[in-house]
Ligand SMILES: Nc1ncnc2c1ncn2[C@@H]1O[C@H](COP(=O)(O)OP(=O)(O)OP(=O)(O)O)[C@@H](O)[C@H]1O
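The chain that follows stands alone, in the form predicted alone, written as structure tokens.
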């Protein structure tokens, strides 16, 4: 069967590649049809370093999803991460014209477009343009300015861009499986769509998605994304520390991390038995030493998160604190340690909003891929403004008009 109304999300991560297929239900909700999850290959810190190996993993994931969904996948929304992703704060403005000098959707679109001028060079590609606030005649606020009167409209945006060759490699890995990349979405934004409540997105919350190779941050406030960042550290560093500390293979260290890892002291065994190396007999290692190694690395990640926020001007976290996703966030004691170090409310985010999802996918590790399925329904109302490389002005205008229509009909 060929795709009709189905939506597909592909998350090409450092440790796993996930493809999910869903379709709109009778009440507008999404129903999961199929999934394919395989170990990733050819990636380091979220960036493809071996195209052939990465493409083979993507192909295997897609084939599994096609088999379980009973259809052929033709296009997908794909997640983007990696240390080469950057976000730049910019401003654009437009003089209001006409007898009434009223802000129109086209005025907002023009101001947003002007904020992108000169942001990137030929080595980078814009992924998203995210309006964070507006000013009418010098008065800044986060309101929707369409319909108001004034003389000059200004807009502040976060322009999110990635290294063009990395994005081309990601696109090539997917297209080698015969699947067209419909849109590229920064992963922490997708994760936020899957795990946040409406009040969290309005009142303010930081999403911190700890993947295998990177930690991805997105701040939601006033139902907009106001800050994004990518830190080049993730769960693989936890595993590497265990492997080095106990002189054991990476695969053994990963298994111990998942099954026995803790971020804080608590109830644990005195000693752990681990397989020997090169056919030697099993040996034992102190469990407390495993906890110490993991705690030190978790503390490092949390301090880096706090430092990046302060660098961006966030001295205090917003009302809803931090929602952590990603496989590392499941570690016992992680939320307790995070709340202590960040001095803020903390919870672990599990994906929701899609029906018929098996329990094993209602897991923080699958938040990004679930959010990619939800992307279309969320960004089409103007909350997010993805960049169309060929026609940014038309793209922004369409979404601003959609937002205005929703306001006028009481949908927002």
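Positions refer to the first chain, counted from 1. On a predicted model such as this, the values are computed, not experimentally measured, just so you know.
Here the subject shifts to the form predicted together with the named molecule, a form of this protein not shown in this document.
- Only one of the listed residues (326, 192, 79, 131) places a non-hydrogen atom within 4.5 angstroms of the named molecule in the predicted bound form, and that residue is 326.
- Residue in contact with the named molecule in the predicted bound form (any heavy atom within 4.5 Å), chosen from 225, 210, 170, 112: 210.
- Residues within 4.5 angstroms of the named molecule in the predicted bound form, judged by any non-hydrogen atom, belong to 233-241 and to none of the other stretches in 272-280, 100-108, 233-241, 337-345.
- In the predicted bound form, no heavy atom of residue 174 sits within 4.5 Å of the named molecule.
- For residue 258, a non-hydrogen atom is located within 4.5 Å of the named molecule in the predicted bound form, even though that partner is not displayed.
- When contacts are judged by a 4.5 Å heavy atom cut-off, residue 153 does not count as touching the named molecule in the predicted bound form.
- With a 4.5 Å cutoff on heavy atoms, residue 371 does not count as touching the named molecule in the predicted bound form; it lies far away.
- The partner is not shown here, but in the predicted bound form the stretch 164-190 reaches within 4.5 angstroms of the named molecule through a heavy atom at 187 alone.
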